[in-house]
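Given as structure tokens, the chain that follows is alone and in the form predicted alone.
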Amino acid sequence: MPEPIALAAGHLWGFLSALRAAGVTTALPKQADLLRVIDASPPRDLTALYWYARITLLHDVGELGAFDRVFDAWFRQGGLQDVVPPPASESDVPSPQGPGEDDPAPQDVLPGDGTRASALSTYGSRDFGPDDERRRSVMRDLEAAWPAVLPWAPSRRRRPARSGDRLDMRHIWRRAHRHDGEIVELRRRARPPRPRRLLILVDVSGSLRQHTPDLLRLAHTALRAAPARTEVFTFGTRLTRITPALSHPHLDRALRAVSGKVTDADGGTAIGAALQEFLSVPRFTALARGALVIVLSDGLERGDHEPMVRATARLSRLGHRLVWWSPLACSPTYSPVTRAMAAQLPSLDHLGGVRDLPTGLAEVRRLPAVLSGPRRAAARRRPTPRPTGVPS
């Protein structure tokens, strides 16, 4: 390796180590993402390098201050300067019975950061945060809104009814037998309506880290409103069915169960592979047939976007309606210009914006208008942009 390249690589690895020392969580997949981005498109200046590092490495806005200090020390000020870590809390101060003055200070080890072996998966699990009164209020509104907006379909079995398209001959002959063979009453059978199945697919990848807790709470309200007709899956780099875990009536226990079951939260993104895995299992495919399918994702696919586009098209054909809710679409200036979203837009019935519970409630209340409209109308509401060089 030439000496300048070796020096640059060593400086970059030192920067990543300094981030961990300053308390900034940098998982190994995120570090690999940064190196791949730099290799594919070398930054033209420090500003570009800053945004490369910030977008790929930072997942908590609370760590932005420490991140900026480390970046300035390693790149803008040109020296290996001491970076002041966040102030220690009282729990970080050793007790009188703790290590002596000559003992080395204990270091915090972050699970999955690559410095120590961890019992967790590479992507690990996460805590989806505590509840509060504001969230509980919106969730109550969501539970009340879901039953009124879910589409209905005729059931498979016919039942006795006052009006219907078929006569209930068994009941008619039974009544005639009681009246000496005279037919005194005509009874009919009909297929009563029942709510269609609701299928929710939630993206838990790192790009949606700040939105994932509210998206799971949104899915929990749907399970509470229609427990027998709702199925929920998550996907990041793998597909996980979380219906049993999320169906617990107590929200905190449900989220803890989901946290233990979903091991790819805040990791990479493989939307196409996850959707294809879903469609490859016959019992999962049966859940999508005739259902209202809702995908909660930003649609930012890594690698080839064709598997994602093909899987979305098949989901659209299987389901009653296919609705895609993206946090990016909350912006009034949003346009699906990435190759993946632009290619799959003709398969969608609606592309809406959901980033938290209030925006989710607004989209849920908008569902009747979507369900009563024409199929695959998202491209008509948002004209497909011209192909550009924007990656998936």
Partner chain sequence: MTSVGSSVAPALLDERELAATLEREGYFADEGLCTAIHLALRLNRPLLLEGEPGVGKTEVASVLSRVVGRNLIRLQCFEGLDSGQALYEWDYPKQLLQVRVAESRGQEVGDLYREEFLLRRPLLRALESDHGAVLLIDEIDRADSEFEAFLLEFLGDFQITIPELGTVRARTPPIVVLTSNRTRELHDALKRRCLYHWIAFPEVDRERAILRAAVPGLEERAAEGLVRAVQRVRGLPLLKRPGIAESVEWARGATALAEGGSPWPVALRRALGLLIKDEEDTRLLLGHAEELFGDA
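Please read these numbers as outputs of a predicted model, since none were measured by experiment. Residue numbers count along the first chain shown, from 1. Each form is matched to the other, and the largest set of C-alpha atoms that superpose within 1.5 Å is called the rigid core.
A second form of this protein, the form predicted in complex with its partner chain, is not displayed here; the remarks below concern that form.
Heavy atoms of every residue among 41, 170 and 194 are located within 4.5 Å of its partner chain in the predicted bound form. Picking from 360-368, 321-329, 59-67, 342-350 the stretch near its partner chain in the predicted bound form, with a 4.5 Å limit on heavy atoms, gives 59-67.
A residue is said to contact a partner when one of its heavy atoms sits within 4.5 Å of a partner heavy atom; residue 253 fails this definition for its partner chain in the predicted bound form, lying far away. Taking the partner from the other structure, its partner chain in the predicted bound form has a heavy atom within 4.5 Å of a heavy atom of residue 183.
Taking non-hydrogen atoms only, residue 30 approaches its partner chain to within 4.5 angstroms in the predicted bound form. Interface membership of residue 55, defined by any non-hydrogen atom within 4.5 Å of its partner chain in the predicted bound form, is confirmed. Just one of 260, 282, 227, 244 comes within 4.5 Å of its partner chain in the predicted bound form, counting any heavy atom, and that one is 282. With the partner omitted here, the residue from 310, 248, 238, 136 that has a non-hydrogen atom within 4.5 angstroms of its partner chain in the predicted bound form is 310. Scanning 302-326 for heavy atoms within 4.5 Å of its partner chain in the predicted bound form gives 310, 314, 317 in sequence order.
The Cα shift for residue 54 between this form and the one not shown, taken after rigid core superposition, is 2 angstroms or larger. Taking 2 Å as the criterion, residue 26 counts as shifted between this form and the one not shown: its C-alpha moves by at least this amount when the rigid core is aligned.
In the core-superposed comparison between this form and the one not shown, residue 349 has its Cα shifted by less than 2 Å. Between residue 238 and residue 62, the C-alpha separation shrinks by 3 Å or more in the predicted bound form, relative to the conformation displayed.
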